[in-house]
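Before any questions on binding or motion, here is one chain by itself as structure tokens, the form predicted on its own.
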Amino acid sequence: MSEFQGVWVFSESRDLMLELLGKGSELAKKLRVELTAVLMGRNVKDQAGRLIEHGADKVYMVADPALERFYIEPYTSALAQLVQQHKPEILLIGSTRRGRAMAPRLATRLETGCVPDCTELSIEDGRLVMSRMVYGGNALAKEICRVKPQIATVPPRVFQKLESRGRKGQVVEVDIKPEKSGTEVVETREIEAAKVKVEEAKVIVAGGRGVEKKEDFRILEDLAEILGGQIGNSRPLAEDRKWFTEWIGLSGHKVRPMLYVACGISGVIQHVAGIRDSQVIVAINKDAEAPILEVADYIVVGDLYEIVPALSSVLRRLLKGG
């Protein structure tokens, strides 16, 4: 196993890559090895410098027309070839929708293990200890791999980016031929997206089953607008009622805003696992026994249809100096 050495990070999300570099730098320092970022795409050379500034000692750059769009086969094969050639002992992959699809495929090719959605990473006796939430966020499982490379996927907003420090490093252009994709894009359509990603929002006003009709989200939008925040929702509104395509929770977006206002959300453990890092949680619920009240910093027991508009009215008046 001594032939495996070094800590690598990869994500198609550049922001998440910087977060991985922050944790990867800590792991590499403890192991006294190099920290390497893998950069793939078509015209990506100008992005290598930023990765070095944020912690990478080396950047392996794979520039190929086949990597202009993210297709699972070319990206997986390119990364697998790199790993087989250079043999890192640790590989951190961003747990995005694409990253979660690629990581297990990569692990299968490399005949190693993969631990998903890790929230804690540490080194013990020279091995990577990977911790992740299980049982709906009710417990923390610690896992290790018996073989290398040790692969872990990491969700956004788990680790902090390093400050840009004007560092110098090595950029290595790698000549690798990715596999051809078995799929083809026939048509692309733009979807309506929020101006700010919910993971990046400093204030979130979220609704749950207590919101009776989709159009009633307007009262939550009013409050979010006043607070300079963004709207969110729980899983039942997406999975059961089909009002939305995404949600906040253990299986959806994990958030850590300064203020999280939960309106009509019962707060089952899967939802709480996605908001537990919020600085302040306000719960508005007419059920005095709702589970979310146990984790809330401030509690308002009552009908959200009365409380949210009243709260918006007061805040609007205060902001106007009235």
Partner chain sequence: MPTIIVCLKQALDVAELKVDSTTQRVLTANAPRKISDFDKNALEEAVKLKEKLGGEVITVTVGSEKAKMVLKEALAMGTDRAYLLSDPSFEHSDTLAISYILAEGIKKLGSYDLILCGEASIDSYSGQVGPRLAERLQLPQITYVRALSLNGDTVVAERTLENCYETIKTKTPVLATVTKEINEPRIPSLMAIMKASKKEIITWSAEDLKVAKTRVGIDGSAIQIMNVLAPKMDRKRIVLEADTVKGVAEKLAKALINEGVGGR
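Positions refer to the first chain, counted from 1. Rigid core here is just the name for the largest C-alpha set that superposes within 1.5 Å across the two forms. No experiment lies behind these values; they were computed from the predicted model shown.
Although not depicted, the form predicted in complex with the partner chain is the subject of the following passage.
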| query | Are any of the heavy atoms in Ala28 no more than 4.5 Å from a heavy atom of the partner chain in the predicted bound form? | reply | no
| With the partner left out of view, is Val198 within 4.5 angstroms of the partner chain in the predicted bound form by any non-hydrogen atom? | no
| Can Arg42 be called a contact residue for the partner chain in the predicted bound form at 4.5 Å between heavy atoms? | no
| Closest heavy atom of Glu215 to the partner chain in the predicted bound form, within 4.5 Å or not? | no
| Contact residue in the predicted bound form, chosen from Ile281, Ala48, Val38, Ala290 - any heavy atom within 4.5 Å of the partner chain | Ile281
| query | Would the partner chain be touched by all three of Thr96, Val134 and Asn138 in the predicted bound form, meaning a heavy atom each within 4.5 Å? | reply | yes
| What residues, if any, in 250-266 have a non-hydrogen atom within 4.5 angstroms of the partner chain in the predicted bound form? | Leu250, Ser251, Met258, Leu259
| task | Using a rigid core alignment, state whether the CA of Asn43 is displaced by 2 Å or more between the shown form and the other one. | result | no
| request: Could you check whether the CA atom of Ile90 moves 2 Å or more between the shown form and the other one, using the rigid core for the fit? | output: no
| query | Does Asp287 move its CA by 2 angstroms or more between the shown form and the other one when the core is aligned? | reply | yes
